[in-house]
Each structure stands twice: as C-alpha cells, then as structure tokens.
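One chain comes next, on its own, written as structure tokens: the form predicted on its own.
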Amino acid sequence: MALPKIKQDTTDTLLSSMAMPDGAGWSAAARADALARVQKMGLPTRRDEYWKYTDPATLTTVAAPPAATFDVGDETPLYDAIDRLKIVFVDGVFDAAASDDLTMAGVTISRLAEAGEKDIHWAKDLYGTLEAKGQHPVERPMAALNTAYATDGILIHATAKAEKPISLIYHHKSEESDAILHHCVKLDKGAELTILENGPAAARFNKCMEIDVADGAAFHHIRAQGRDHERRAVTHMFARLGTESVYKSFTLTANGVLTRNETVLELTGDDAVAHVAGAAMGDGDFHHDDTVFITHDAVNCESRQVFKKVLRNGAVGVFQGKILVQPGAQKTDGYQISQSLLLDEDSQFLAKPELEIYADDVACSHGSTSGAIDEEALFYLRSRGVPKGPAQDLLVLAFLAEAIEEIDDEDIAADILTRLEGWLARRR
C-alpha cells in the first residue's frame, strides 16, 4: 500500500540527502534491510498513533535545527568519582585522545566504524536483529533509520563480570551537529555489565542500543541526558532477556527542547527481571516522551516501569507504556506507574498506559496520575521554618524518589539527587 503523500515526501527528501558509511562489511546486509524497512514504513508524522503526542518534524528534516551548547562551568562531571572505562564521542565522532584504552578484563570492546570493515564479527548476528523484531506490532522507523545510517558505535561483548563500568560520554560542541550512533551489547551466560551514559551528544542525536542478555546475566544501565536545552534526541533501547537474567535501566533528563526515549524489551526466558525507570525535569519549551513496550513471553517473569516527570512553565511530558503478556507467560508480574508533578497550570502530561494479556495467572497493574504540589505538606514544612522555595524543592525530590530508587548504586543515586537539587535551586 502506498504511503500518504506527506509521509512519502518527508521520507524521500531525507533519504536522498543521506549516504550509508563506506566499508560497511558484515553490517551491509543489515543496513540494506533497515533501509528497506524505512522506505516501506515511511518516517513518522504526527498522524501516526504513537507519535500523536510528539511532533517528529524536527527529527526528520534534512538539516538539524541549530542548538546552542551549554556551559556547565566548574561543575564536576557526572560519574567522576567512579572508576570506569571512558569512551568519548564529540558530536558523534569518536575522540581517541579523550577515551581510555578499549581493553578490560571480562569484555571485548570495539568500534562499529572499525569492526564494520571486516567480513566477520560477533555483532553480525545482533546488529539490526532486535531492532527489526521490535518493529512489530508498533513501527519504529527512526530506529530503522539509525540501523541503516549509523556512522559509529560501540560493540561490547561481556564474557564474565566486567571489572568496572563502561562510561559512554557524549560531548556537544557544534551547534549544527547531527549524530547517529548504534551500540551493540552482548552478555554471555552469567556475565555482568554496567553501562553509564551522559552528555547532550549533538544538536540532534539519533541513538540505538541493542542488548542481548543471556541466561543468568545481568545488565545495568544509567543514563543522564545532557543539559543543553536546545538539543533534540530520539533514542531506542532494544533488549532480549534469557532465563533468570536481569535488565535494569534508569534515565535522568533535565532540559532539552525535544527528547523521545523508546524502550522495547522481550522477556524470553523464565524468571527474567526487567526494570525501566526515568526521572525528567522540564522548564519552558521542554517536550519529553517516554515510550515503552515490554513483552512477557516466558513463565514467572517480572517487569517494572516507573516514570516521574516534573513540569513547569508550559513544559510537556508524555508517557506511552505497554505490557504485553503472551499466551503461556503464566505467573507474570507486571507493574507500571507514570506520574507527573505540574508546578503551574500551563504544563501538561499526556499518558497512554496499556495492558494486553493472553494468560490467566498474572498480576499486572498500571496507573497514571497528574497533580500539583501537596499544599498541606508545603504548609507543614513552612510552619517548621523552611522557606517556600526550598520546601517546594524537598517535595519535588520526594516525588522523584521512587524512580531514583531503581538505581542499585547508592552513590550514583545520591549524586543524581544532589544534581537535581541544584537544578531546582537554579530555577527557584
């Protein structure tokens, strides 16, 4: 069936301006398949069901809208106190001088731009595979676009417990940068890995990460999206979980004129656990969209979705979350909560929680609420001598606590709370 004209024109215009990287090697077939998916689906428009709350127009233009860089001054970089292996990208280009040696016990690390020139690589069986599967039942054309045109990325194969976290650092220096990165992560049976991400990355950023978590393996992910306010980003995380495996991901977003984070998880092995959480703070022309799709396709699996957004001065928050329980996925425990704290009458929160269940022995729940600061709690704090501004900040941090508690590392959780407190104080 032919695409609507507006979708066809948008797709043709962007694709005609892009070229696949030279020397694709083993990724060439996956890239060609992804391009075919984009051409068949067409790039998203506001008329698409899963984009009706978020206008993708600035994500699909030929040139990235300019975005000014943000000077953090003398603020200590996030994760700075942690012993980690640092991998740095500047506007989507690998910075070898700022990065550590890509050698560490328990893992092998390579770059897509270099490994892709070879004929054989372990990532050949993963690159584009989970993304392609994640296109059903909901089409995700921006992810397929990423698979087709990604210029670089990190390929990580964990064979045991990594001796320290891998830190992906994204710097934004050009106001017109347009970056596309694709990461692949494979955890063998019993392996354990933590990935830390932080930084604004580019004026416009399209990132995809595919994660294959084998039986008994554990994947931990903590992401802080940069404070450059004019930046735009669309990200996807696709993961497949084996028996008794663990997947835990937390994302902090402060600032950003447009951010869309999609997470697509498939629990394929019995007793798997998947937790996805996020905390977002928005002020003014801020639009933040979390879209999550979790499929339970095994017995006795657990999933949690916990998303909190604090919005003010006309900021917009979006949550679209779905739990799909396939036939035979008995004893599923699925939990989903999305909440917003609206600090004025101009901001809005748009939510679309969904459950689709085809098994009869399950415990699934979802809830979504929006509200203002609790006036009684605020009065209580002020009556104890706490000024109005700091009192309101305390209540905001208490509201975000449930999401931040999903971070296993207590030191990182405490650091994030401190930075959120600073963000609130600067806007008091």
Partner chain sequence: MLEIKNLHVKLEEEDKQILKGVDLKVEPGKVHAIMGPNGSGKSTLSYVLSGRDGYEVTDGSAELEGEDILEMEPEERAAAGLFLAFQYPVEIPGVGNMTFLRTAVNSQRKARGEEEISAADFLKLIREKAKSLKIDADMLKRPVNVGFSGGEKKRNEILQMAMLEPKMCILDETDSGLDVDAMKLVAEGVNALRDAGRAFLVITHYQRLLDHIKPDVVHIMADGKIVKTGGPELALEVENNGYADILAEVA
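Numbering follows the first chain given and starts at 1. Just so we're clear, the structure is a prediction, and the values are computed from it rather than from any experiment.
Just so it is clear, the following notes concern the form predicted in complex with its partner chain, a form of the same protein that is not shown.
Asks: Which is the contacting stretch out of 365-373, 385-393, 33-41, 46-54, given heavy atoms within 4.5 Å of its partner chain in the predicted complex?
Replies: Residues of 385-393 come within 4.5 Å of the partner.
Asks: Exactly one residue in 359, 28, 68, 377 has a non-hydrogen atom within 4.5 Å of its partner chain in the predicted complex; which is it?
Replies: When its partner chain is considered in the predicted complex, the option within 4.5 Å is 377.
Asks: Should residue 381 be counted as a contact of its partner chain in the predicted complex, where contact means heavy atoms within 4.5 Å?
Replies: Yes, contact at 4.5 Å.
Asks: Quick one: does residue 62 come within 4.5 Å of its partner chain in the predicted complex, counting heavy atoms only?
Replies: Although its partner chain is absent here, residue 62 would stay clear of it in the predicted complex, with no heavy atoms inside 4.5 Å.
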